[in-house]
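Presented as structure tokens, the chain that follows is alone, the form predicted alone.
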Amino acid sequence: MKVAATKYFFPPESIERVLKQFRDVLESGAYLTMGKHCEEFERKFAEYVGVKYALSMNNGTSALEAIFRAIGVEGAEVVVPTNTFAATAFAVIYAGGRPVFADIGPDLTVDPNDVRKRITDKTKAVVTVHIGGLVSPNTLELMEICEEKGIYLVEDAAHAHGGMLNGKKAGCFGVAAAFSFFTTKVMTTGEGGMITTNNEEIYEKAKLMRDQAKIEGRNFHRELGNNWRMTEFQAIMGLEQLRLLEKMIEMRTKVARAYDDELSGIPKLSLMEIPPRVRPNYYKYIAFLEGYDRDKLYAEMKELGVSMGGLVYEIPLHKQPVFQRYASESLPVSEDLCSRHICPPIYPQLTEEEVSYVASCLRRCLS
């Protein structure tokens, strides 16, 4: 049996709807960027998340940079979890800020206790990353810390479309959040991103920067802008994926429950616990190895026909060469957990038979 690492979910009826709308756009001669479909996507995404504003972007990295520019991190420090994709820290640097790396907890998200140690009079914001689509209960403590210190909490929600904590969706906990619609994400437009916020000033600043900072749409500029626009084709795909999102999360959760049953009790493997009041979207299913080499396991699984999922993440940022000027000390929890977590394949189309096969292969390798 061959099992892919990931697959996006566009059932046949969705493909037909998307293609029809693509044809309509092309035949209409309408504007191909930031038109009525982008506006509809923004409105419906804001309604889904439960915020006042959503702003479509060309990718998640741009969404983060726009947020950091809008809140004014230039010359300031931003506390960033060391366990995240490099783009989180890149966006801080592109916006003129300095990333300060903090350690993580058992759920792979940033540890509030370590965040407290990193805050100085130069700190402008703290970033929480909803790793694997899990909105950690620690988010609530981070909100309290930021309110107490008078600084911003920013959500990197690139993984977390539809993830929930206490009945609230990712994207409404911080002053603003950035989502990614890259091809591997739970919902995808190939490339693309979205900012969500209840802050009108952040929304208006990001909206201005997104379109080359043109004042009232004219070729007149008071500040630096960029080309961060989303196309109508991406928005059409995004609307269709948003329509399917709850179904996709339900299907992913069913796969996760099957993995829970199949993988429990396997030697050298422990499953990451999901806290009460949390609904992950299961962008990733995460487990931890105990005394077994991960590279060896991934190679053995590949030989058995199973492509394991991408890691989140294998090398913490403070250990990467590009960030050495910002790294000052060891962050032991991340160094441990990043080195030994695994991500079996998970996507809506994964069948019970495939889940059983993946589990049997893991059991075979680890036993």
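Start at 1 and count along the sequence shown; that's the residue number. Since we're looking at a predicted model, the values are computed, not measured.
Not pictured, yet referred to below: the form predicted in complex with a small molecule.
S.K.: Which single stretch, out of 22 to 30, 324 to 332, 55 to 63, 40 to 48, brings residue heavy atoms within 4.5 Å of the small molecule in the predicted complex?
M.R.: Among the listed stretches, the partner-contacting one is 55 to 63.
S.K.: Looking at the partner-bound form in the predicted complex, is H159 within 4.5 Å of the small molecule by any heavy atom?
M.R.: Yes, H159 lies within 4.5 Å of the small molecule in the predicted complex.
S.K.: Heavy atom to heavy atom, is T88 within 4.5 Å of the small molecule in the predicted complex?
M.R.: Yes, T88 lies within 4.5 Å of the small molecule in the predicted complex.
S.K.: Closest heavy atom of S180 to the small molecule in the predicted complex, within 4.5 Å or not?
M.R.: It does: once the small molecule is placed as it appears in the predicted complex, S180 has a heavy atom within 4.5 Å of it.
S.K.: In the predicted complex, does T82 have a heavy atom within 4.5 Å of the small molecule?
M.R.: The answer is no: T82 has no heavy atom within 4.5 Å of the small molecule.
S.K.: Does the small molecule, in the predicted complex, lie within 4.5 angstroms of each residue among K185, G192 and Y313, using heavy atoms as the measure?
M.R.: Yes, all three are in contact.
S.K.: Pick from L142, I236, V129, I71: which has a non-hydrogen atom within 4.5 Å of the small molecule in the predicted complex?
M.R.: Contact with the small molecule in the predicted complex is made by V129 alone.
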